[in-house]
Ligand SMILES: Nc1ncnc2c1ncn2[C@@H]1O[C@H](COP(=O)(O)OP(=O)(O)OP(=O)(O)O)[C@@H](O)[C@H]1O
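The data below hold one chain only, encoded as structure tokens and taken in the form predicted alone.
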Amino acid sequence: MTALIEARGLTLAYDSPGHRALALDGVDLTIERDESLAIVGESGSGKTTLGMAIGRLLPGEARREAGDLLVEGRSVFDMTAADLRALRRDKLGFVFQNPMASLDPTMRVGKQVALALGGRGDVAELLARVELPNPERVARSFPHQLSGGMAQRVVVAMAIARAPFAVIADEPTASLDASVRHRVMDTLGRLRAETRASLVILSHDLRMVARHAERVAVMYAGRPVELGPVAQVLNEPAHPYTRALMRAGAGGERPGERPEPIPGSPTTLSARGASCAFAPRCAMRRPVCAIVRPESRSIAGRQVACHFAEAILAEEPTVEETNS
């Protein structure tokens, strides 16, 4: 059976005068129908580039160097402009970080939702589905008259207006107050279940991911370094970077503990990595990490790109032990 969305060795670079950055470094990833997948990592890890590539919503300086990205078996890079418009309009929904940037400030909300529906449904009914109180009043409002949480619910409504087969949510709650984040994500998750759409969450919020995703892909330097069931990956990480992300994430520490920041800065590559990109920041590195690129392989029910994943799962060594 053909995967809904599939990246095959996808390599993308951003080129600008005097600068080149490899955003995706040979990504292999599938997204099945009716599943929720989270793509996580620090800023610059490639998660947003990968998510936006699904609809070919990439900036002009982005250049594909190798591989492909298929939606329902068709390459998005081979689609005509008309095909891409139809894909984005009818089969994909997008929820971005800043809802106010997604809405036209000069147009009433109801008209924007009606355009998203394309005559296929009732505006007030759709706004009620995303649990907006008094949907008729919301429809008469301009975006600036709504709170951030209400505006994001409008964006969610527009994203699912034509019953897409996949919704890509890029940091969908990052700009919202903590009090409304869970409610917005619960609404998005409920709608996904009702429509049987796939949900792709691009985020750095691991607690939110643990609650709303079934699988997780941990990205570093443009490639997934760990991919598997969310509970398995986050509870028993097999890659040092996943472990470091868990320790750095505020909110999961025990009383008296503090989050542990990851030393150093995220790696930016200009060409395909010939070694482990995380090695300069890794307390568990060995000489081989600096000279041999770890390829992704199946270990304990997940894919991991680390030379020492089995040892990490078998025993969690201390920093002193690994540096001795």
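All residue numbers are counted from 1 along the displayed sequence. Remember, predicted model here, so these are calculated numbers, not experimental data.
If you look for the form predicted in complex with this ligand, you will not find it shown, but the lines that follow are about it.
This ligand in the model of the complex comes within 4.5 Å of a heavy atom belonging to E42.
This ligand is not shown here, and in the model of the complex it never comes within 4.5 Å of any heavy atom of S36. Contact check for P287: every heavy atom lies farther than 4.5 Å from this ligand in the model of the complex.
Proximity of T30 to this ligand in the model of the complex: non-hydrogen atoms within 4.5 Å are absent; the residue sits far from the partner. In plain terms, the part of the chain that comes close to this ligand in the model of the complex, with a heavy atom within 4.5 Å, is 44-52 out of 64-72, 275-283, 294-302, 44-52. Interface residues of 166-184, taken as those with a heavy atom within 4.5 Å of this ligand in the model of the complex (partner not displayed), are limited to E171.
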